[in-house]
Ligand SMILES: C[S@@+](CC[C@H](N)C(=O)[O-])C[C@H]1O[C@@H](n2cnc3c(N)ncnc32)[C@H](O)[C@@H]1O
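A single chain comes next, written as structure tokens; it is the form predicted on its own.
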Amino acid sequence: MTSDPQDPDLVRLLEYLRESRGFDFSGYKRTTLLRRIGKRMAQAGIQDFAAYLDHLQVHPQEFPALFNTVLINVTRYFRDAAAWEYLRQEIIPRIVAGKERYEPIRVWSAGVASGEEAYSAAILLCEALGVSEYRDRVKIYATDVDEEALTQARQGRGQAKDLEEVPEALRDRYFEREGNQYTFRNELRRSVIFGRHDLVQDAPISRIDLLICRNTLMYFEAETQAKILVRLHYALNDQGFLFLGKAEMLLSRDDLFTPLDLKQRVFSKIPRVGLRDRLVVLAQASGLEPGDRAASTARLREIMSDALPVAYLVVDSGGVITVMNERTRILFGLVPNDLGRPIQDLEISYRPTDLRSMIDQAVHERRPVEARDVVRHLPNGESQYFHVIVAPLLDRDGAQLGASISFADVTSTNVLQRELERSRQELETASEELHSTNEELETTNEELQSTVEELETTNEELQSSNEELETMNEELESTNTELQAINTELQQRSIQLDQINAFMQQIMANFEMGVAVLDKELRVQFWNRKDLWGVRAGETVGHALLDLDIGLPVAELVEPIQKALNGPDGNVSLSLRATNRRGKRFICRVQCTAMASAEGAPSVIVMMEALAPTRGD
């Protein structure tokens, strides 16, 4: 294998990777590429680049192995602990203090590999804000060019050895254990948004407060590094911070960033507030001179698009999104990575309205298509209303280039119109009611005159009734006196009855025989002997006798009890073998006597007397 970085076969191999898989390695250091690709070729048993290109074309399953070798997805939680501690103590408090409580905090972890650095940032922000505020305010954009690594990163899962750098308290707080594996908590993982992004080719994510790009720049040539740094500069807010790896110094880009702590590789952005400076930055990022009119014009169009008061996007003839302004991203939760994606793959294609059918109609009829008062229901229960216009984009020769889509927020107008219509209807109703009320008042006036006369007559009648009531009141007072005397007598009888009842209970408690009173359904109404069967009255009253386990064959009592209830003399006696609460067996004489309760309902008294123990006991 040759060691020439300009080997034509290597160049063809890199071009094939860019054209077939979208990986542009042209900005990577050639010496690193030679070494990494050479390592994979040796593993595959191939000697030269031309043969390896043929191998890739025949065996597409080789691509993931090659990319994993070239991209070196090496990372871990809180890698370089001192740098992360500096971030925790100095940088994150400054980001939080520089924002209102309702303002979002946006983090971009570029070259995230398997996701550990993005989750590390999430843990620090959770610690600083609390879990609830973190969920409401934080968005972490985690990007990489390696889709396989991103698939792994989205799972947020790792072995115990992968979390050795995570303090035990944080591990218990932010990870859920599943055997020997740990998974980052699901409700916190939702704030980490993973997506494919090429730092060299793709537009940067904007309005970032903290940009983590560690040990990524060092794989690129100096010229490519400069272009990437200009993009990173544009991505950051003016008060944003850049966090690099320990091998990355930025000594040659002191016009874009200034070090806060060079040892920990944390830098702050040097703001460029003028439009001319922003155009210069973008021109540098695209590899053009500052005076290049095409770059300036393209950026001016982008700025103009973002400045539009309506959400606006453009799709080409194949339905792929080519333009998307900032308002569109904010309203519909889109991200810069959605540029270049087919609109049919995104939620905006069918919610809040079916854009695909509108695009088809506009293209087919070659005229704008409108949809008014399109309602969008928000998660908080409120509604937004849009005026949607889809217009075909035609070339000078009439060729169909695509379509533009605009969403004009007419919520306030819609609300005002509805309120105006409601007010108009209320006024009409009020006018009709006023006219009706006026007629009613005239009628009422006549009725009032008549009523005055009737009231005068009624007043006399009331005086007469008042005299009758006074007479009735005297009679009621006399009756009340009699009732009080009767009540006093009843209270005295109740006291006597309570005394008799207590006396009877005392007699029954001292009664040598066990006594139970049953109703006609054989439910216990009274029970007097705990020491005979081992159960208290509270455990028996209300329960069926047949359900009690008292050492007496109660099933054999059913027929005698029924005979007592239905027989002519109402009295039945028998003897049964029983076992007392100490386990001793004895003969029990049982007498069943029918009686009537105070309410007249039939009941039966069952009296049980223990006789001599049975033989053998």
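Quick note: we count residues from 1 along the sequence shown, nothing fancier. Note that this is a predicted model, so its numbers are computed, not measured.
Not on display, but discussed next: the form predicted together with the named molecule.
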item: The named molecule in the predicted complex reached by all of Leu71, Leu199 and Thr216, non-hydrogen atom within 4.5 Å; value: yes
item: The single option of Gly111, Gly402, Pro336, Pro352 touching the named molecule in the predicted complex, heavy atom within 4.5 Å; value: Gly111
item: Contacting member of Ile91, Val145, Leu125, Leu522, with respect to the named molecule in the predicted complex [4.5 Å, heavy atom]; value: Val145
item: Partner contact for Arg185 in the predicted complex: the named molecule, 4.5 angstroms, heavy atom; value: no
item: Non-hydrogen atom contact Arg76 with the named molecule in the predicted complex at 4.5 angstroms; value: yes
item: Interface membership of Glu447, the named molecule in the predicted complex, 4.5 Å heavy atom rule; value: no
item: Any non-hydrogen atom of Glu439 within 4.5 angstroms of the named molecule in the predicted complex; value: yes
item: Interface segment, criterion being heavy atoms within 4.5 Å of the named molecule in the predicted complex, picked from 481-489, 190-198, 513-521, 388-396; value: 190-198
